[in-house]
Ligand code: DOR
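Just the one chain here, the form predicted on its own, laid out as structure tokens.
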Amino acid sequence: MKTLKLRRFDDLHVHFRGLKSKTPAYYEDNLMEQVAPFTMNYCGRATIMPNPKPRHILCVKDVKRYKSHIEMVRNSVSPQPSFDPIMTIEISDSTTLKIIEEAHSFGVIAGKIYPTGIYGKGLSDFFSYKSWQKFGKMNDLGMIVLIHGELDLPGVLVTNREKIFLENVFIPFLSRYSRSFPNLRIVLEHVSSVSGVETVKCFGKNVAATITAHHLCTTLNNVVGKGTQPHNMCNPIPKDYHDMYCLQETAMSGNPKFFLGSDSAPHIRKNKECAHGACGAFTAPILPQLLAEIFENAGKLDKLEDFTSRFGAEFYGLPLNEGKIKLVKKDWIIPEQYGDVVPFMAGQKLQWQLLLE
């Protein structure tokens, strides 16, 4: 039986949900308990996105509360995994320099930016003086800027949101701030297009991108090609075949500017299968298995560990994870549901299984 041993992953973009609310039976209240253990089983670290509902992670008080919840879940898993959350705060119009300093003092090493109109209020102007001050503070503190690279503008198709963001914000932003803040590390998250890949390649070593597993194996056809498939719907939306093939080639190229960020984003079933379904692909239960199959099919298994466990850590300036995970080559069928959430590729067959020791 064929086995594969890999260094524990760094998933540098994942959603754990579950910040407790005061509303009885709020749908995210117990999601973290259902979804986070999957990631903890094979990751040494994960960058936790700061957008749980009903309140985003906006200040150090929010970070402390959220981290405590994550650690409680980790400590409840048996055997307890070797896992450390990488905490983030959202950088928005209301973020102050004091908030950034306090968060960094607590151990927050990255700030997440959602352009206005994508999720909530976000950051409306990347080029204002106040934004310049925020980026300068993050540069001075050595914090990483994580950017959701889409613009939602009137007259722009959802498939073009990344391209429009690159042209109107990202490229001018990098061109303008590279002189003022030459050491500022910036990640274009869940890159989904040829344009995104080529843009990241054009800039220096302080500009990188994360790539998801689901963007490596889906196109727009997998979302709306044969009826609507809501559990494949995500932001940014999968695009054309040439975009998917470009992402595959890039992830397997050995270029250290591109590394894993799964963007595993669980939503309960009823919030996906409805008139205004939530966006997000829940890949956490199958992430190592799916990546192993994708890389093996391309004859690039030797490139997998760098993508999942080395390049991201090196960009973040973190030591490599010590532990290993083991996969075995054996067919299995992905369950139709985990708790209240339908996983990506539910009911389909994978060739690799994760062995929990």
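Each residue number is its position in the shown sequence, starting from 1. Treat the numbers as computed from the prediction; the structure is a model and nothing was measured.
There is also a form predicted in complex with the named molecule; it is not shown, and the following applies to it.
Asks: The chain here is shown without the named molecule. Which stretch in 130 to 138, 165 to 173, 221 to 229, 277 to 285 comes within 4.5 angstroms of it in the predicted bound form, by heavy atom distance?
Replies: Contact criterion met by 277 to 285 only.
Asks: Work out which of 92, 235, 195, 255 lies within 4.5 Å of the named molecule in the predicted bound form, going by heavy atoms.
Replies: Selected residue: 235.
Asks: Could you spot which one of 289, 321, 51, 41 gets a heavy atom to within 4.5 Å of the named molecule in the predicted bound form?
Replies: Of the candidates 289, 321, 51, 41, 51 is the one lying within 4.5 Å of the named molecule in the predicted bound form.
Asks: Residue-level question: is residue 148 within 4.5 Å of the named molecule in the predicted bound form, judged on heavy atoms?
Replies: Judged by the heavy-atom cut-off of 4.5 Å, residue 148 is in contact with the named molecule in the predicted bound form.
Asks: Quick one: is residue 188 in contact with the named molecule in the predicted bound form, heavy atoms, 4.5 Å cut-off?
Replies: Output for residue 188 is no: heavy atoms all beyond 4.5 Å of the named molecule.
Asks: Wondering, does residue 103 line up within 4.5 Å of the named molecule in the predicted bound form on heavy atoms?
Replies: No, residue 103 is distant from the partner.
Asks: Residue-level question: is residue 239 within 4.5 Å of the named molecule in the predicted bound form, judged on heavy atoms?
Replies: Residue 239: no contact with the named molecule in the predicted bound form.
Asks: Given a 4.5 Å distance limit between heavy atoms, list every residue of 256 to 285 close to the named molecule in the predicted bound form, or none if there are none.
Replies: Contacts from 256 to 285: 263, 265, 267, 279, 280.
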